[in-house]
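Only one chain comes next, encoded as C-alpha cells, the form predicted on its own.
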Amino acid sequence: MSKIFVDACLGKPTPYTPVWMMRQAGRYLPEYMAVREKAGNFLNLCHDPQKAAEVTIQPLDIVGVDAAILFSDILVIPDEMGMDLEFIKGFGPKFHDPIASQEDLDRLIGGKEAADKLTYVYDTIKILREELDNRGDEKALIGFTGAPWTLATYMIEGQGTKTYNVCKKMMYSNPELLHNILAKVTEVVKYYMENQIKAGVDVVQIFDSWASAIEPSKYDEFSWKYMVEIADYLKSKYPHIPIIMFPKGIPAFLDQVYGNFDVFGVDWGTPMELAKEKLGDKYVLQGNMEPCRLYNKEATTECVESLAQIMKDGRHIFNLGHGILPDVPVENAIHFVNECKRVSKR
C-alpha cells in the first residue's frame, strides 16, 4: 500500500503535500499528559511499549497529521551504553557520570551490543506497525535518532547547555577523544536505526539539534560526516527506506550539505528560498514554519500560504522548523494541518 508521506520523501507525486510536526506527541495534548501521568515519569513512558505506542498514535487521530513519529527520546542511546541518566523535573536530562577521558569512554558498551539493549523501542515499533497496518489508513511511521554530535554534547556536558564549552574545549584541545566518542556513538546509532527499520518503521530521521554550536569550518569534521556515515550504512542495506536529515541552525553551512539521503529538514531560521536554491534539486525539503506562529491562526495561515508559494514547483513536506511548544492550543495545531492540506490539494 502506497503511503503519501513515504512517496513525498522519495520525491514522487502526491495528492497534496503531506504534513507532520516535530514533537507532535507531547505536552500540548491533554491526552498525552494523561498517559504520562499514568506512567509516572517521562523515562517510564519511554520504557513502556504499550503507552509509548498509544501517545505515538494520538496526533494521527487528534490533529490529522500524515505520519506518526515514534515516541521515545534521543538519550535512551547513551543510557543503554551504560551512562547514568536521570530526567529531573524542572531541569531536564542529567548524566551523573559525564565523559571526560578515554577511560570513561572505554567503560561504555558499544556497537550492536548496546543497540540490542533498546528492546522497548523495538517493541513499541512492532505494536505501532501492527496497529497502523490494521487501520489501513496509509499513515507512515517515522523512526529517529539524535545525531552523534548532539548525543555527544549531553554525554560530555552531562546536561543541556547554552555554551557547549566543555564539548568545544575537547574539540580544540583533545579532538582525538571527541572523535573517539563520536565514532563509538555512530556505531551504536547505525545498529539502532537498522533495528528500528527491521521492527517496522517506514522512514528514519536523524536530528542534529545542536548543529549550530559548531563553527562552519568544523561542522563536517565533527558532525555531518558521521551523519552521512549512518545514512550510507542504512542505504547500503535498506535503499527503499527514506532518510531525513535535520541539522538545526545551519543556514551558513548549506553549501557543505552532501550525502546519500532523501529529505533535508529546514529549520525556521533558514529561509526556505535559500534552502530551495541550494538544495532543492538534490533533496526533498521539509519544514519550516516558525513554531511560535502556532499561537495565532492568521500567522499560521500566512506562513503556510507563503511556503506553498515558494515550494509550488518543488518537492516539499510541511513541518515546523523545530518542535511544537507545550502551551500551543490543540485547535491551532489542527488548523495548521488543515491549512497545509487546503493550500496543496492537487
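These figures come from a predicted structure and were not determined experimentally. Start at 1 with the first residue shown and count on from there.
This next part talks about the form predicted in complex with ligand CP3, which is not shown.
Using a 4.5 angstroms threshold between heavy atoms, His322 counts as touching ligand CP3 in the model of the complex. Mapping the unseen interface onto this chain, Tyr295 falls outside it, with no heavy atom inside 4.5 Å of ligand CP3 in the model of the complex. Mapping the unseen interface onto this chain, Tyr32 counts among the residues with a heavy atom inside 4.5 Å of ligand CP3 in the model of the complex. Heavy atoms of Ile109 never reach within 4.5 Å of ligand CP3 in the model of the complex, leaving it off the interface.
The contact residue chosen from Ser223, Asn195, Ser72, Ser212 relative to ligand CP3 in the model of the complex is Ser72, the criterion being a non-hydrogen atom within 4.5 angstroms. Here is the short version: of Tyr122, Phe207, Phe253, Phe264, the single residue with a heavy atom within 4.5 Å of ligand CP3 in the model of the complex is Phe207. Here the chain stands by itself, but in the model of the complex one stretch of 64-72, 281-289, 296-304, 309-317, 64-72, has heavy atoms within 4.5 Å of ligand CP3. Of the residues in 11-37, those that come within 4.5 Å of ligand CP3 in the model of the complex through at least one heavy atom are, in sequence order, Met22, Arg23, Gln24, Ala25, Gly26, Arg27, Tyr32, Arg36.
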